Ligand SMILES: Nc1ncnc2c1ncn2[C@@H]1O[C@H](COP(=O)(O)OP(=O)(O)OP(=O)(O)O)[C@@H](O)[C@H]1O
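Next up is one chain by itself, shown in structure tokens, the form predicted on its own.
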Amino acid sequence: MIVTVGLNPAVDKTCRLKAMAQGEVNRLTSAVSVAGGKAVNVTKVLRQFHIPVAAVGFLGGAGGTLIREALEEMGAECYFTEIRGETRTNTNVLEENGRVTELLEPGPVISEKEMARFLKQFSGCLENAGLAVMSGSLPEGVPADVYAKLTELCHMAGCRVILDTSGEALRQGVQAGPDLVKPNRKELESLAGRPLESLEEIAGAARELFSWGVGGVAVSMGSRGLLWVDREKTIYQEAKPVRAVNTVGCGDTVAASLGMSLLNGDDMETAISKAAALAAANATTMENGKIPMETYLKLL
């Protein structure tokens, strides 16, 4: 079983209109709300491949109910911690000219009691887990070292870890030695403290994470593809050209695909090829984490 950890999930609301006029009344042509957030996207992809998943994190209010019901309908086991605050909604406004405006809510404030309940539920899930995928930002009230602490708990239970986050949570998380870290190029630049342009520069910065005990680093680079670095090899997989409709969630599909490959025992060449194909297929659809399987298999 894979445990997916989403501490700051969101309802993703996509609104369409012809053209947005600031300061005026704008009438939408459509509006659709779906379960979202990085860990939720990972869960959605895993369930499409019928992987057993236990989803944990914080949920509250109507948005939390929407997310829980959506994941349960997909067959995921949900062990979310209920909170007094409201799960956030992130709104994407799409205009006919292709311009996208994102309105991101800050998310709820997590109390010490809610955090303690989460840790208890998370620890219980580790009894049957072979892998934990920890993804996304942290809500207010959650300490920046939380992913480091969760990684330590996983390793004590014999559970491997994939970490996909940013900022201080990433900086502190890598120091606990996750088995695999999946930053994008900008996140790796932030860790390294310098710009990274060439593949050699990116690979060099990834290798610096080995001093903390990180097992491998998969750097997602959008249309430039994927770069895998571990102590034995460096693998570059270029991205196949597709007609991109929505690139949100492509990094999450990479994390999900690598998780499946770890459990399957795939060699890294195969794992990176699968991850790149899955991310490209995800970009061809409007809904995050909803993979057109025919497109994926063709790209693969």
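Predicted model only: the values in this text are computed from it and were never measured. Residue positions are given as counts along the sequence shown, with the first one as 1.
Keep in mind that the form predicted in complex with the ligand is not shown, yet the notes after this line are about it.
(message) The chain here is shown without the ligand. Which stretch in 242-250, 23-31, 50-58, 256-264 comes within 4.5 angstroms of it in the predicted bound form, by heavy atom distance?
(response) Careful reading of the contacts points to 242-250.
(message) Just to be sure I understand the contacts: of A10, A280, I291, C15, which is the one whose heavy atoms reach within 4.5 angstroms of the ligand in the predicted bound form?
(response) Selected option: A280.
(request) Scan T151, T87, S135, S220 and let me know which has any heavy atom within 4.5 Å of the ligand in the predicted bound form. (result) The option sitting close enough to the partner is S220.
(message) Given that the ligand is not shown alongside this chain, does G225 nevertheless sit within 4.5 Å of it in the predicted bound form, heavy atom to heavy atom?
(response) Close contact exists here: in the predicted bound form, G225 approaches the ligand to within 4.5 Å, heavy atoms only.
(message) Quick check on K44: any heavy atom within 4.5 Å of the ligand in the predicted bound form?
(response) Contact with the ligand, no.
(request) Classify S123 as contacting or not contacting the ligand in the predicted bound form by the rule of any non-hydrogen atom within 4.5 angstroms, answering yes or no. (result) Close contact is absent here: in the predicted bound form, S123 is far from the ligand, nothing within 4.5 Å, heavy atoms only.
(message) So, Q172 and the ligand: in the predicted bound form, are they within 4.5 Å at any heavy atom pair?
(response) Taking the distances in the predicted bound form, the answer for Q172 is no, it never comes within 4.5 Å of the ligand.
(message) Residue by residue through 37-64, which ones have a non-hydrogen atom no more than 4.5 angstroms from the ligand in the predicted bound form?
(response) Heavy-atom contacts to the ligand in the predicted bound form: only K38.
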